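Okay, so here's just one chain, in C-alpha cells, the form predicted on its own.
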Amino acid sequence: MCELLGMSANVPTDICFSFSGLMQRGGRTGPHKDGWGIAFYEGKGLSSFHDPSPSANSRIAQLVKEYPIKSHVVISHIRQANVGDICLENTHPFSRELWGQMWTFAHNGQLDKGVFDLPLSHYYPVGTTDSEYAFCWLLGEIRTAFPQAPEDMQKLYDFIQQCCDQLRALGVYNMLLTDSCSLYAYCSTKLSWITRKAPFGEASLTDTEMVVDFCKETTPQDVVTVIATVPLTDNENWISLAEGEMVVFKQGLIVNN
C-alpha cells in the first residue's frame, strides 16, 4: 500500500512540517520506497516534483522539506508498488486539465483488473498503474456529465462520490483529488484529517524528532487542514473518515456536509 498527504488552507501555507514526517515513511520508518511525488498550487498554477527513488533518501525530497513553498492546496504521495513498474511515469500524483483548471489525483490501495475494463473517453494513462487509469476514467466521467463547470457544486460533489463508490467496489480506493480550489478526500479503508486553527498549539511528529509551535508560525485567522493515510503527529486528535465517506475541503473547511 501507499500513503497519502493533502493540505487545504485559507492562506498560503507551507507543508514542510507534515512532509518531513511523511518522507520518513518512504524507506525509513515505512516500506513505501518505490517513489514519491508532490503537487503545489499557486492560484491555477501547478508545481510538482516526482522521484522514483525512496523519499527518505531523495535529495529532491530534502529540498521540498527545507524549502517553504506556500500554497492553498497540496497533494503528496509515497508509493509501495503493486501494479506497474517502479519508474517516473508511475509516480503519483497525476494531473490533467478540465474546465481550464489542472486537476491532481493520488490513490492509495489496489484495484482489481476490472478497473482496466472501464471505458476511457477523454483521458488516457501515460504509465501502467491502476491508479492513473482510475483517474483518467474518473475525470472523463466528470467531463462527460459536466461539459462545463457546474454552478451547483453539490451536484458535482454527489457525482464524484458516486464514481468513487464505483471504484471502491473494485478494491481498495483511498483518494485525494483537487481542482486547485477544492480538495476531495475519499476513504475506502484508511484516511484521517485534522484542522488546525486558533488557538494553536504544539505538534510533534511521530516519524522523526520534530516539534512545531504553530502559535509562532500562524495568525489567529489561519485555518489549515491536513489529511493523511496515517496520522503524522502523536499529540493531536485526528479524525478518521468512515468507509465510503467523502469529505470536501475548501480553504481549510468542510464544504460538502
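Just count from 1 along the sequence shown to find any residue number. Computed from a predicted structure; not experimentally measured.
Although not depicted, the form predicted together with a further copy of the same chain is the subject of the following passage.
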Pick the stretch from 84 to 92, 105 to 113, 182 to 190, 151 to 159 whose residues have a heavy atom within 4.5 Å of a further copy of the same chain in the predicted complex.
84 to 92
Whether 49, 101 and 143 jointly form a contact site for a further copy of the same chain in the predicted complex is the question; each needs a heavy atom within 4.5 Å.
yes
May I ask you to check whether residue 165 falls inside a 4.5 Å heavy atom distance of a further copy of the same chain in the predicted complex?
no
Residue-level question: is residue 202 within 4.5 Å of a further copy of the same chain in the predicted complex, judged on heavy atoms?
no
Exercise: residue 126 in contact with a further copy of the same chain in the predicted complex, heavy atom 4.5 Å
yes
Quick check on residue 60: any heavy atom within 4.5 Å of a further copy of the same chain in the predicted complex?
yes
